[in-house]
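A lone chain, given as structure tokens: the form predicted on its own.
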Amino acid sequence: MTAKVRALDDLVAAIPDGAYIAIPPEYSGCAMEATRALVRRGAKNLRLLTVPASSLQADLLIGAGCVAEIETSAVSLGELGPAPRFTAAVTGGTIRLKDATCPALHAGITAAERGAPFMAMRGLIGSDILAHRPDWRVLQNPFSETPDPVVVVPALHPEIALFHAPLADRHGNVWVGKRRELMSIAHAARRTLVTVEEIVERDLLADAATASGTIPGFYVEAVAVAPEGAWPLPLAERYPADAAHLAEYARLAGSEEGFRRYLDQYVLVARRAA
């Protein structure tokens, strides 16, 4: 089981070009150190699935030319404005965008983790987005005797789930605490790769204080230690977002030249010391 604990470069090497990767929103734990390693490697043609939205992580990968397609409800820098490299790629037609909604993406992931081919929902009825998603179908509720349309969203089966968490043990059990969406992503994905702040020697599933918030190791292919591995994004109950750094990113990434300067200074270099 100790083979599940790997070096960061080995974990990243397990992500092939063209992989279909599920990533969480910034408040859940983004594997930013692994993301920078993917950029340094020159990863290509990745297909991103944000569950349900993304910010710096997706923008960085898109700006670096690593992404061919993204399915998302939003990519934004929040109060700092639109995600500049995502916006440039969409308006320039250099990536394929599959526009979605937060409930639809969660429904697709939930269907996959339950082994169902689809999930039914109502909130999309009457929206313009249905005209652009032929894979989302409007059907009659088979349990209703009166007209009752529902939308069915197909199950989403990402090849890889990639995220950052506070703890793992040497059995590959990963503690995510209250971030239940990370459990859903791990259940839905064919392979789960996780960076963590630290490896603990105790069995996280045997400890009543951590068991309920722990993803069992049989869902996890590999873990790698990456202290402050979500930086400059936050990790709940560990450290906040680096607001100054994110503001600098928003300023630099507003132009292609500035984005290249950002890569040279913060990505295409040796790992940032914790």
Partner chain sequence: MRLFGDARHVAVGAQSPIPATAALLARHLSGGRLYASLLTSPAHNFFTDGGRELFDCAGQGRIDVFFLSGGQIDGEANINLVAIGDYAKPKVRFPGSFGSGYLYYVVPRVILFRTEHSRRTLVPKVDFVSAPGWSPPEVYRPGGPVALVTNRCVFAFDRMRRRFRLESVHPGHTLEEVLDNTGFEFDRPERVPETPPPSAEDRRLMREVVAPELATIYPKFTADVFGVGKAA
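Residue numbers count along the first chain shown, from 1. Because the structure is a prediction, the values reported are computed rather than measured.
Form predicted in complex with its partner chain: not shown, discussed below.
Engineer: Taking 4.5 angstroms as the heavy atom distance cut-off, pick the stretch from 57-65, 211-219, 41-49, 224-232 that is near its partner chain in the model of the complex.
Structural biologist: Correct option: 211-219.
Engineer: How about Ala189: is it within 4.5 Å of its partner chain in the model of the complex, going by heavy atoms?
Structural biologist: It does: once its partner chain is placed as it appears in the model of the complex, Ala189 has a heavy atom within 4.5 Å of it.
Engineer: Residue-level question: is Phe86 within 4.5 Å of its partner chain in the model of the complex, judged on heavy atoms?
Structural biologist: Contact check for Phe86: yes, within 4.5 Å of its partner chain in the model of the complex.
Engineer: Using heavy atoms and a 4.5 Å limit, would one call Val200 a contact residue for its partner chain in the model of the complex?
Structural biologist: Because no heavy atom of Val200 falls inside 4.5 Å of its partner chain in the model of the complex, the answer is no.
Engineer: Consider Ala165 of the chain shown here, and say whether it contacts its partner chain in the model of the complex, taking contact as heavy atoms within 4.5 Å.
Structural biologist: It does not: once its partner chain is placed as it appears in the model of the complex, Ala165 has no heavy atom within 4.5 Å of it.
Engineer: Honest question, do Ile160, Val196 and Val269 all end up within 4.5 Å of its partner chain in the model of the complex by heavy atom distance?
Structural biologist: No, the candidate spot makes no contact with its partner chain.
Engineer: Pull the contact list for 134-160: residues with a heavy atom within 4.5 Å of its partner chain in the model of the complex, in sequence order.
Structural biologist: Contacting residues: Pro147, Asp148, Pro149.
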